[in-house]
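Okay, here we've got a single chain as structure tokens, the form predicted on its own, with questions on binding and movement later.
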């Protein structure tokens, strides 16, 4: 027999064996899960790593036998669309996933504007929405039973950041941020309130567009006001330009930020010397020097699979997939989205989780569908983000506050 004929015959035999279910054995099926995220454009620094994280988690689960629901095993198939962090694109992407692809479970969602657009109608759909990095508070104040989020809201972190800066004795803080983006504005509002309670003040709020790369006019104005410190809130790339340009303009004050960028992302714009000493005050996301065994394994596996280190916020999406897996298995169905959404709300923190969540009443998600991590102060030291200390975090109290906003 020729080699080609032998291979074809062998493939047919293998396929036949795989398609034949033995009595009492589980039947293997496929479950499509969707991703809507920013895969191109400025927000891709957050969205593309989230999409990769979902794919990696799905591959891991499939390699371990899939999701066991009743007598069936489901292999996860990821269908991803680029929403460009644009509300219209995100709406179109999710409509395509639901109406054309028949997807019931949609993950990703790095950015608040596009996520809020989808959240505005997802409550009327036979689908479950799992939000990752998007930090706008109102996403989990809509009272939607079919929506959960793994990242805490921006103001939950901003309040802790303001107290941290006040405790360090800084009284006059200048803010430079993408303040036309509501969740950045809410971070600064909470920051200012805590700073003021600690005896400090925000002496100016200067703004930039997320597409801007030259912030020297705003920095020149700030330099003339002689602040004690500078707070920068925005996407990674414009923030890196600000840190670089502040050094070039001779602004020699402590620089604090809210960005969640990786070392590689910042070093593509600013030098190690220009970044030295910068603080990032954010949720305690993945930072290699302070993470758990799960985080170390995630960093290693992601780097090997995609040829680049993961962004600190990308595990929000990775953890979504494992939360969904356990909820499907607990609910015992892939078709009844109400049962799966209810099971999500009852989950403890999954053993596979990378982020270091703080449970509320023993659960990953609170009654609003919101999860919480601790907050942390990270400082750039000799080329790396180094975890310095925890910031005050009270998820139970914040959860009650969030519930009061419905």
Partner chain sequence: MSRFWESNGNMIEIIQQIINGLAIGGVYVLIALGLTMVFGILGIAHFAHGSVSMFGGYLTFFLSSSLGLPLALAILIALIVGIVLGIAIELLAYRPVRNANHINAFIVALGLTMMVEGINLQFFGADQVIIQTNFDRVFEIGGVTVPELRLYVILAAIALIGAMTVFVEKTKTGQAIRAVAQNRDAAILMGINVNTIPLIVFAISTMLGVCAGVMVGSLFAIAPGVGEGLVIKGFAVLILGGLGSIPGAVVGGLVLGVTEALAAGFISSAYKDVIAFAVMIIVLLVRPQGLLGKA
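Positions refer to the first chain, counted from 1. Small disclaimer: the values here were computed from a predicted structure and weren't measured.
Beyond the structure shown, there is the form predicted together with the partner chain, which is absent from this document and is the topic of what follows.
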query = in the model of the complex, does residue 249 have a heavy atom within 4.5 Å of the partner chain?
reply = yes
query = Does the partner chain come within 4.5 Å of any heavy atom of residue 217 in the model of the complex?
reply = yes
query = Is residue 263 close to the partner chain in the model of the complex, meaning a heavy atom pair under 4.5 Å apart or at it?
reply = no
ask   = Looking in the model of the complex, any heavy atom of residue 244 within 4.5 Å of the partner chain?
value = yes
Listed residue that, although the partner chain is not shown, lies within 4.5 Å of it in the model of the complex (heavy atoms), from 212, 167, 189, 126 = 212
note = If we test each of 301, 292, 88, 268 for a heavy atom within 4.5 Å of the partner chain in the model of the complex, the one that passes is 268
key: Heavy atom of each of 313, 326 and 372 within 4.5 Å of the partner chain in the model of the complex   = no
Interface stretch in the model of the complex with the partner chain - options 181 to 189, 108 to 116, 131 to 139, 202 to 210, non-hydrogen atom within 4.5 Å = 202 to 210
